[in-house]
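Read on for two forms of one protein chain; each stands alone as structure tokens, with the labels structure 1 and structure 2.
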Structure 1
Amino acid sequence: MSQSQSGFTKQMARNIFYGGTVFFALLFVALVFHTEQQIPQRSNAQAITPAVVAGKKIWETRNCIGCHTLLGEGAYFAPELGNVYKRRGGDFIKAG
């Protein structure tokens, strides 16, 4: 069976490959652009207080993520820290 009888030539395969590559590259660029447009509305930047900045610094410098999770991100050796207030109450937080 020759190439012309198969109905699918190398040129056709090359065109499908390049066409698909261009299509998905453009789709990727569109999704990145859309995501970048959504960041200001979803970042909660206005709610970042000095206490939040200090907590983030402690989280990063003490490698808390190595044992704890925070909103599902991190290791699972120690308790989740996103729900400490629910588990321990406000008095525990104020005492710390």
Structure 2
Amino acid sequence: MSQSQSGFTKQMARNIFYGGTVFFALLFVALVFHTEQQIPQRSNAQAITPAVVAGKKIWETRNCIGCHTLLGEGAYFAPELGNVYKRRGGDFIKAG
């Protein structure tokens, strides 16, 4: 059986390969560009005060995540802390 009888040639396979590669490479570049555009709006960088930085440092160095979750990430031993301010109020959260 010759190639032309099969209906699907090496040339067609090659075109699909190159076409698909170019298409998805361009799609990838477009999505990376789109993500880069979104980061400033989504990171809330303007809301990161020294208190926020200090809290993050405590979270990272005191193993809070060993027992708690933060927005679902972490261990399931102790209550979720992402919504603790809403549940318990500011007075409960205040240190000292």
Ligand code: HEC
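Throughout, residue numbering runs from 1 along the sequence of structure 1. Here the rigid core means the biggest group of C-alpha atoms that line up within 1.5 Å when the two forms are laid on top of each other. Model, not experiment: these values are computed from the prediction.
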Q. Between the two chains shown, which is the form predicted together with the ligand?
A. 2
**Q.** C-alpha of residue 16 off by 2 Å or more between structure 1 and structure 2 on rigid core
**A.** no
Q) residue 50: with the rigid core matched between structure 1 and structure 2, does its Cα shift 2 Å or more? A) no
Q.
Core superposed first, then measure: what is the displacement of the CA of residue 87 between structure 1 and structure 2, in Å?
A. 3.1
